[in-house]
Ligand SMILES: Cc1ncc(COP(=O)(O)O)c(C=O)c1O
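Have a look below at one chain only, the form predicted alone, in structure tokens format.
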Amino acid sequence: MMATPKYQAWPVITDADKQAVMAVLERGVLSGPLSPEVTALEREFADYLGVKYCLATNSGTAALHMALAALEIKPGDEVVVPAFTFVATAMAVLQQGATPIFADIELESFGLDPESFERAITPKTKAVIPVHLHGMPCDIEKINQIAKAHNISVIEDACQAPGATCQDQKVGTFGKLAAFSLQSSKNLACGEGGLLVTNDESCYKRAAQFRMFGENIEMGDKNAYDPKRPLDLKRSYDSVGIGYMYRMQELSAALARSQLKRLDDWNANGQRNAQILNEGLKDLPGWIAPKELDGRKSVYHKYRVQVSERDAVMAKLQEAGLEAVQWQTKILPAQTVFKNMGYSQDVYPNAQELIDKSFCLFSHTHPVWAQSVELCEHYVDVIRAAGQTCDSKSACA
């Protein structure tokens, strides 16, 4: 047993964050489709990515749902999603009345396997949602090529990957639309919230309509907006289609704007910490550390390692005072909601292997990107010491 250096809890709330939120309370504008913090966040995040349009939402799941609605996905349509991801990726497809079709993943990137995606395509396939899981870009360029050849729209699920890049281009800018999450465990956190981005004006307009009861906010309404009377916005009150109430509120937007200023610094901290772990674990027998591939730069929302005898290894590390968590216990087709729909669980070998033989170092509360060099070096020391004390039959060997 070694003394564990202090952990840094996430999110880190600074005086600047508190001042940003207090300014909203002092202003007294707390909600509305044209409220100042929300519209400023949309503009600033669009600038950060280099895209034309951004819509702030109340969750990353809502952003995914809005993206599907913007593409006019309907019942009977099929949408390909990876078998290993958070359930929201596939749940949004169900919410739109369409059918999720699962495909396998790449073991090295944790992302959608392009060949498995191509095999899953049918005449009913209208969209694909590749996921940049754990902040690691998937093979988005190959997926885009396949999608284009089959006239399939790409929605990037970048909920865990704000700031990650592929060939120096930020993820979220490769597909027709992309969704990001601002939930409190994410690299860019405001509690609960999400962001939808696109360069397509027609998709933007349909998504904006869907976000607010199916109602349009026209330019004339924006010109007449009085920030001193935000609840008296001139509106048509004419819903032209089905919509939800997916808007973000001002307090969350203010916190997200403040946190966005430090996103690149936190991402860089996570990349530095991952390098320490990668270097320390690279020659440890039985361990496979995450690695960046083909010009893809991860922001390490999770630091996932693959080992044999996963449960025994996790238990040994936890006994030594390290945080080790599984994050997801079943591939999506094995979750009850999809089992009850008749989905097979036996055709996604890579996804199942990753579930069975991997776990994440650190946790939601103490993510890798928020920690010190000292703590990451401590993890390396403990893991290597644990491995060296195992006998030849041990799971840690």
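From 1 onward, residues are counted along the sequence shown. Not measured: the values here are computed from a predicted model.
Not on display, but discussed next: the form predicted in complex with this ligand.
> Taking Thr85, Thr89 and Ser181 as a possible spot, do all three reach this ligand in the predicted complex with a heavy atom inside 4.5 Å?
Replying inline: Contact check passed for all of Thr85, Thr89 and Ser181.
> Among the candidate residues Leu177, Val128, Leu112, Cys159, which is the single one with a non-hydrogen atom no more than 4.5 Å from this ligand in the predicted complex?
Replying inline: Exactly one residue meets the criterion: Cys159.
> in the predicted complex, which of the listed residues (Ile105, Ile155, Leu133, Val197) lies with a heavy atom within 4.5 Å of this ligand?
Replying inline: Contact with this ligand in the predicted complex is made by Leu133 alone.
> Only one of 234 to 242, 264 to 272, 185 to 193, 68 to 76 gets a heavy atom within 4.5 Å of this ligand in the predicted complex; which is it?
Replying inline: Among the listed stretches, the partner-contacting one is 185 to 193.
> Might Ser59 be said to contact this ligand in the predicted complex, defining contact as any heavy atom within 4.5 Å?
Replying inline: Within the cut-off, so yes.
> Might Leu55 be said to contact this ligand in the predicted complex, defining contact as any heavy atom within 4.5 Å?
Replying inline: It does not: once this ligand is placed as it appears in the predicted complex, Leu55 has no heavy atom within 4.5 Å of it.
> Closest heavy atom of Ala351 to this ligand in the predicted complex, within 4.5 Å or not?
Replying inline: The answer is no: Ala351 has no heavy atom within 4.5 Å of this ligand.
> From first to last in sequence, which residues of 266 to 288 have any non-hydrogen atom within 4.5 angstroms of this ligand in the predicted complex?
Replying inline: Stretch hits: zero.
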